[in-house]
Structure formats: C-alpha cells, structure tokens
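In structure tokens, the next block holds one chain alone, the form predicted on its own.
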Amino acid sequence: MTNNPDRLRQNSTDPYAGERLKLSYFHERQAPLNLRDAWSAWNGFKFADYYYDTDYEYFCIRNTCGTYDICPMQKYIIDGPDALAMLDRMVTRDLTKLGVNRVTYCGWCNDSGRLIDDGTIFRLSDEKFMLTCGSPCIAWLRKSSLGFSNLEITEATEDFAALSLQGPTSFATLKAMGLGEVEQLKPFNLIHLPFQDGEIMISRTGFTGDLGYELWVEPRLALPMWDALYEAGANYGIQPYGEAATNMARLEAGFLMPYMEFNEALKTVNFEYDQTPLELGLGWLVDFKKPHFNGRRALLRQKNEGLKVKLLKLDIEGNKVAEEAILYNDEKQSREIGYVTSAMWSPAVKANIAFAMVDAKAANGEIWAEIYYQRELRQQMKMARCTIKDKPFWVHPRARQTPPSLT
C-alpha cells in the first residue's frame, strides 16, 4: 500500500475518504519527522509546510543540505515526432536549442501574452520531453497540441517519486551514496545512473540559488532511495524542509512564486490582474526570433509600446518586514504606485528584501513602503525607503561550479 498515493481515499470505513489528501511516496518517512504536524496541501497531496521550525530548515539549506518533496509537482510526458514543434510553439523560449539530457526553465502564455504558468522542460531524447510545473496543465497541453498528430501527451505526476536535494553538502551526500558520477554534471544537465535493480535520474536543478539536484525514481524505489540518501547524508547534516523554508530561499535567489509574484492567466477574473513575462522581468525567456509562439504578437506590441507595471527587487531600509506593504512615490504617501508581493528579512544577505509590482513610470523615482508591524500587541506603522536591486539578492558561486565543492 506504500506505493498507492490514494490509499486514504480508498478506506471504505471512512465516510470522508473521498476528501482525503493523497500521500506522497515518501510520506512513510516524512511523517515521523514532521514534529509539529504542520501539513498543507499541494495539488491534492498532503504536503509539509514545515517539519520542526522554518528558520532551522532554512539554515539547513544554506549550511548543510535538505530534501524537499516534489512528488506533488505536476509532470507530463510529451513524446513523438511532433513533440518538439508543439512545445516550441507553446512556450516563449526557443526549444530547438535544448539538447538531449538538458533541462530549461520556461513559461507559456495565452494569446494575450499573459503568463499561464512557468516550469521546466526536460529533453529526455530526441522526441521525448517531460514538462514539470506547479499547477495542473493537461488541458492547456491538449489544446496546444491541436494540429500536431504525431505525439502523445501523458499525465505522469504519479509515475515518478521525486526529491529535491539542495545545499552546500548535497554533492558530498550523493557521492557518499555511490553516485559520484554527478561530479561532472553541469547546471541544467541530467544523468541516468543505476540504482538497485532500476535507475535514478538526477538533474542539476533547484529553487534555492545554491548547489542542488533533483532525484527522480519509479515509485517502488522511493523509500529505498530515501533510506540510502539519508544514510549517506547523516554526516552532512541532511534534513527535510518544507514550503516555508523553500519560500525564504527562493526569494533570496530571485525566483518567482505563483500566486505571490503572478496570477495564472487561466484562473484570473479581473482584467490585467494577471501578468506578462515582460512585466515579471522574464523578458530573457521570450525569444522574438522565433517565427511564432503563443502570445508573440501581444508581447511584441507590449515591448514596443512599453510596460504599465513591472516587478522589481527591493532592498528596504530597516528591519521591519514589508509583507503586503503598499508602495508610494514619497514619504508623505502622495501617490500609490504599487504593492509588495513577497518580503522577508534575509539571514544570508542581512537585509530587508522584497519583490514588488510597481507602476512602470514610477520605477525611476523614489519608492517608499508603508509597513505595518506589531509591538506589544499594538499595530505600528512606518515609512521605509526602498532601493531597487538589479540582480538576485543571493546566489552562491557553487551553484554553478563544476565539479562542485564537497562543502
């Protein structure tokens, strides 16, 4: 029953069985480690918000290594002679440049150029690809495949057990596990290695701005892989971490989070409450040299006419976190110009950092954040000056170093 994610839903004695969350292939190992019983939900799966303490798990990512369960992440196999042409038409990036055993980050838009979702595409062979993303996308994939008859799209989310292994000792852990061949694995490359009586696929990918990998096996090998990984990582500080610590690390690294930095276009009700890649600072993902892709005409028009809003990275004075802060053009709050989407005090940068959506015309002037915080049960307000940052707040050189360091 361990390899059955639906086992709670199949309990005939439970009157609420149909509403129960699915269980990850690693749940049997993760549940005893979730000391606070802090669970949330992701795509119908029971998913750890944190295990013990968010800050502790964050420092595990930054100082040793940790595992993050990506079984709930959506996974699709697109296979066949038309797979490349279909995906290249769907996404904004030029996939013809993606080699076999390579991975790329990409986004896809509707005809109005609004971002539907972002994710990664793995090229497994000349004609076989895997797309991973945060939200279900099978309907859009099938719609995008109209006119391409020589391909097959498979919903493969539960066909893989997958863990993200991130942090400075992640390579040392894999080497101690007997997977030293990853030493020459460059960022965004993948490799297939034997594991027990099957194989493990390892991609040098992640969401933390540090050295990291993602490990993919068939479900029956999930617990053996976990056990081998944790035995190998015992001397390297390996710990599980949840969504809360992930959100801290990804913000420092300058990565976007759906429903925080952007709304998925197919789920947005209000006009222009969704975003385009250009507004999100993802113009580097849009290849206008391609003859056609979904949303190209609208994005080209926006590029020529200019942006109404743009996502900025902000360094905010002081140490009061600017969560949900409103932004103004001066300290007197003369005119509202935007809002903070994500914010935190960064332990790695020792700074008060944030993502914010700002009126494009106001981005070259002063930016002030209206921050509310609590002191002795009473709400306080302060205005804090913001400085625009052009680069990610924190990315360690070892994230790209090949061969990677053991520490």
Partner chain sequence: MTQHDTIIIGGGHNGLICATLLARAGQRVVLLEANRNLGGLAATREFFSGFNAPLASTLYAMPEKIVAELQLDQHGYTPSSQTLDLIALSRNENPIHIKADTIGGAEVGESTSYGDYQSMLRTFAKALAPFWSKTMPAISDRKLSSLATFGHLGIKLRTMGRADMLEFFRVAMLPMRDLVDEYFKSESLRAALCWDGLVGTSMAPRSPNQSVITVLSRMAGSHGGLHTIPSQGMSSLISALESAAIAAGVEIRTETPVSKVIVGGDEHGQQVDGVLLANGETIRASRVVSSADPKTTFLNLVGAPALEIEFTNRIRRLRTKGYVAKLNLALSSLPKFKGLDEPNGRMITADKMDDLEFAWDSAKYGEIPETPVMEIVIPSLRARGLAPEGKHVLSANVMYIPGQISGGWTAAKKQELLSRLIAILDLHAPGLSTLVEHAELLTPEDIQNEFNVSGGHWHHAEPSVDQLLMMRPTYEAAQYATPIPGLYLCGAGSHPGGDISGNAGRNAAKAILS
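Note that this is a predicted model, so its numbers are computed, not measured. Positions refer to the first chain, counted from 1.
What follows is about the form predicted in complex with its partner chain, which we do not show.
Heavy atoms, 4.5 Å, its partner chain in the model of the complex: which of 200 to 208, 235 to 243, 144 to 152, 173 to 181 makes the cut? Say which one.
Looking at the other structure, the answer is 144 to 152.
Which residue, 294, 275, 164, 329, has a heavy atom that falls within 4.5 Å of its partner chain in the model of the complex?
Residue within 4.5 Å of the partner: 294.
Counting only non-hydrogen atoms and a 4.5 angstroms cut-off, does residue 193 reach its partner chain in the model of the complex?
Residue 193: no, not in contact with its partner chain in the model of the complex.
Mark residue 249 yes when one of its heavy atoms lies within 4.5 Å of a heavy atom of its partner chain in the model of the complex, and no otherwise.
Flag for residue 249 set to no.
Is there a non-hydrogen atom of residue 259 within 4.5 angstroms of a non-hydrogen atom of its partner chain in the model of the complex?
Contact with its partner chain, no.
Quick check on residue 266: any heavy atom within 4.5 Å of its partner chain in the model of the complex?
Looking in the model of the complex, residue contacts with its partner chain include residue 266, since a heavy atom lies within 4.5 Å.
Kindly indicate whether 94, 255 and 284 are, all three, within 4.5 angstroms of its partner chain in the model of the complex, using heavy atoms.
The answer is no: none of the three residues contacts the partner (heavy atom, 4.5 Å cut-off).
Note that its partner chain is not shown here; using its position in the model of the complex, name the residues of 57 to 90 with a heavy atom within 4.5 Å of it, in sequence order.
Counting only heavy atoms within 4.5 Å of its partner chain in the model of the complex, the contacting residues of 57 to 90 are 89, 90.
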